[in-house]
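What follows is a single chain, given as structure tokens, in the form predicted alone.
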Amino acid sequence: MRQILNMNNYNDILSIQNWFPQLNDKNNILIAGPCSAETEEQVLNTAIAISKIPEAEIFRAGIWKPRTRPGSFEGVGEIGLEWLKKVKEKTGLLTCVEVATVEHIKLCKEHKDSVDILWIGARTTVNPFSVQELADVLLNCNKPIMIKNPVNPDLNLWIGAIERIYKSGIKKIAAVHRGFSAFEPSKLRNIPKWEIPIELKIQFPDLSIINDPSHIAGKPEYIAEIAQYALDLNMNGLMIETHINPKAALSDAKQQITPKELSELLKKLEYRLPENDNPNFNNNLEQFRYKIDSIDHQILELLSYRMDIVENIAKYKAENNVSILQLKRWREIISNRLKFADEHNLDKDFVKTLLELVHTESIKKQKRIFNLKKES
């Protein structure tokens, strides 16, 4: 269910294009760099190669890595901040790093010339207590904060993390969509569930949303597909894990690409305009939208009429002591409607989901009628 917010309280969030002068003319922000900073040589060589890509403005590298099991590479720690400072000096790129504890933020403040942007990872966003601890120490911090979605698909957890950081006096905030963990089998590492970042954008119109296709894809061959989808949805940029030698990476080796591969990938992407000022285009678009509006109203009128019939059916069942769920009838509906959908070039999964929503609402309405009959 959508959480209702007072938009006037959040309309002073600054888009990522307003964080630094060098980002002002960027319609789509590119953040690139290795999953982990491993050695000074690896960091600098990767950064120098990325800096030669015209679209690149921000270099990312994890120096503290939250790992699922102990014994895995957990990052180089504070020394990595010195490497990031050298990246800035040698390439002119902005730098960003993940912070997960109060100590991480304190070290970033001490090394204020090393890091331009901080991000809060998915494993931290899932815990409001952790986010609040970070928000308290970030109070009135002048560094921008990016907030990744929680590992599970919970929009309110994501919103809660954004609000906690906002209430600490920070207006330079962006969200990072990196997909969600799921138990069902998938070719992707994380399921994107695009409806969640879309809903976030609806609730926070001024909030920049960066897509992380690397964590969604899990494999290089799917990164371009995910990145293009994000651009088609008018997201504000991409965060792509890029390593000078991915095969030797100490973390997430399977999803990282080389700077050369990144450059080639970017050439294949099509960048969309958020809007078009051409009068002819807008006039034609409005005609299409008028038709959509008319059809939507007809759909809603028919749904209302359908629910009236459901109410009559419920009363008839209650009077004759017949159960609400008629499994044979429900199977017939699914079978017939999906056949009809196929004949009219409609996606069967979409139609099945729609029918299930209508059926659920029908059962709720019938249950209310049964309860009224019982009370009387």
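Residue numbers run from 1 along the displayed sequence. This is a predicted model, so every value here is computed, not measured.
Beyond what is shown, the protein has a form predicted together with a small molecule; the following relates to that form.
- For the marked spot (83, 85 and 112), a heavy atom within 4.5 Å of the small molecule in the predicted bound form is absent from each of the three residues.
- Although the partner is absent here, residue 121 lies within 4.5 Å of the small molecule in the predicted bound form, judged by heavy atoms.
- Looking at residue 317, you'd find every heavy atom of it more than 4.5 angstroms from the small molecule in the predicted bound form.
- Contact check for residue 104: no non-hydrogen atom falls within 4.5 Å of the small molecule in the predicted bound form.
- Using a 4.5 angstroms threshold between heavy atoms, residue 65 counts as touching the small molecule in the predicted bound form.
- Residues with any non-hydrogen atom within 4.5 angstroms of the small molecule in the predicted bound form fall in just one of 262 to 270, 180 to 188, 193 to 201, 113 to 121: 113 to 121.
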